[in-house]
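First comes one chain, alone, set out as structure tokens in the form predicted on its own.
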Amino acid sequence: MSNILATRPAIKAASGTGPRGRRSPSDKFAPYLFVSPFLILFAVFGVWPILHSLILAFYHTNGPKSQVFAGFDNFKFLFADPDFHTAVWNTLVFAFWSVVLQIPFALGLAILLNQRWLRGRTFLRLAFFSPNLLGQVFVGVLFSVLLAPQYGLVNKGLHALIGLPLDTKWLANPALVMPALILTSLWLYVGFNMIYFLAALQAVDKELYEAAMIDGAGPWRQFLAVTLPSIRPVAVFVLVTTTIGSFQLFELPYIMLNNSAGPDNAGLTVVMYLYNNGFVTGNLGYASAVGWTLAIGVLLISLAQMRMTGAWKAEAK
């Protein structure tokens, strides 16, 4: 007992508390000292560029040094520019078909590769995920060759299946540019989203399937009553991230269309429009206005998706 009482002052001294249990000033500021490197770097390379781009959106610029205050002129010109309308339409079409096609394909692939009877599941999972390891630039170059007229594998395969002419120019025909981009995006991202669904499927309680089978539910009824509700949070996550990623489309059309927007601006996206104005013509203020308009638009669409899917209600419960 006497030894325990003798060690109490030493413990208080080590913990840095005073005689009345108050913390010393060094203890109060120690946590802030430890996180200060991150806060400083985040403020310099994260917060300040964002605030500066917001300020820059209200200036006419000619390069990084020449700036003239313009108020809302950049935004007025933006909403009146036909090229911006084209870029928004192309981006919306790409985002719509990416979501509509990618999510069902990824989910179906995950269900198939989650079956115990399927041999080589591990290899197939790696094979379908591996395109995402290549990056958009490499995939863009690869599909530029695959979609080439005459000798491209896509034209040869479709010619053998449905008689598509071998000289079909996917990247030179305005009507075929967007299907080519969507096809490339599918090859690149279906396997990536499959991983999320696969992890969610493996976390579904097997007893729920057993109970459904006892109640006489078939495979389709089990999918609707057990699988979909169980993987719903992951499905919402994939939906929102796929939408956000689709609105950030830039590298694929830029590489596949030889650093251009393609014929009749068929491959012009909002981010490519931003890049052309900011880094080709040097109007950084106008490019900042485009960036903030895109960010606000993506935020509103994401919030609408979360509300429509009931993600907030599920989180509140």
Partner chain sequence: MNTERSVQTGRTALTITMFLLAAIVLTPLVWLVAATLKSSDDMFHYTFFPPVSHLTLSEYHDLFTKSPFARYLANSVFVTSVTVMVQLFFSSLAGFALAKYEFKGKNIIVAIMLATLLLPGQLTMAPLYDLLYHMKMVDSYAGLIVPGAVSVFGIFLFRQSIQQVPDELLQAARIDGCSEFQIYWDIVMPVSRPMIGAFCLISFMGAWNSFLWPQIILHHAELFTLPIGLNQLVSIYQTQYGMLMAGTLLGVLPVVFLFVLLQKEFVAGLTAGAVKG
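Predicted model only: the values in this text are computed from it and were never measured. Numbering follows the first chain given and starts at 1. Basically, rigid core = biggest C-alpha set you can superpose within 1.5 Å across the two forms.
Although it is not shown, the form predicted together with the partner chain is what the next lines describe.
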Heavy atom within 4.5 Å of the partner chain in the model of the complex, from candidates 71, 163, 216, 120, belongs to 120
Assert contact residue (the partner chain, in the model of the complex, non-hydrogen atom within 4.5 Å, options 104, 174, 135, 229) equals 135
* Asked: For the spot marked by 75, 263 and 307, is every residue within 4.5 Å of the partner chain in the model of the complex through some heavy atom?
  -> no
Assert contact_stretch over 75-83, 93-101, 206-214, 120-128 against the partner chain in the model of the complex, heavy atom within 4.5 Å, equals 120-128
So in the model of the complex, does residue 233 come within 4.5 Å of the partner chain, heavy atom to heavy atom? yes
Q) Does the partner chain get within 4.5 angstroms of any non-hydrogen atom of residue 223 in the model of the complex? A) no
Is residue 141 part of the interface with the partner chain in the model of the complex - any heavy atom within 4.5 Å? yes
* Asked: Looking at the partner-bound form in the model of the complex, is residue 292 within 4.5 Å of the partner chain by any heavy atom?
  -> yes
Of the residues spanning 250-276, the ones with some heavy atom within 4.5 Å of the partner chain in the model of the complex are 250, 251, 254, 255, 258, 259, 271, 274, 275
Original post:
Is residue 69 among the residues whose Cα moves by 2 Å or more between the shown form and the other one after superposition of the rigid core?
Top reply: no
Core superposition between the shown form and the other one, C-alpha change of residue 280 at least 2 Å: no
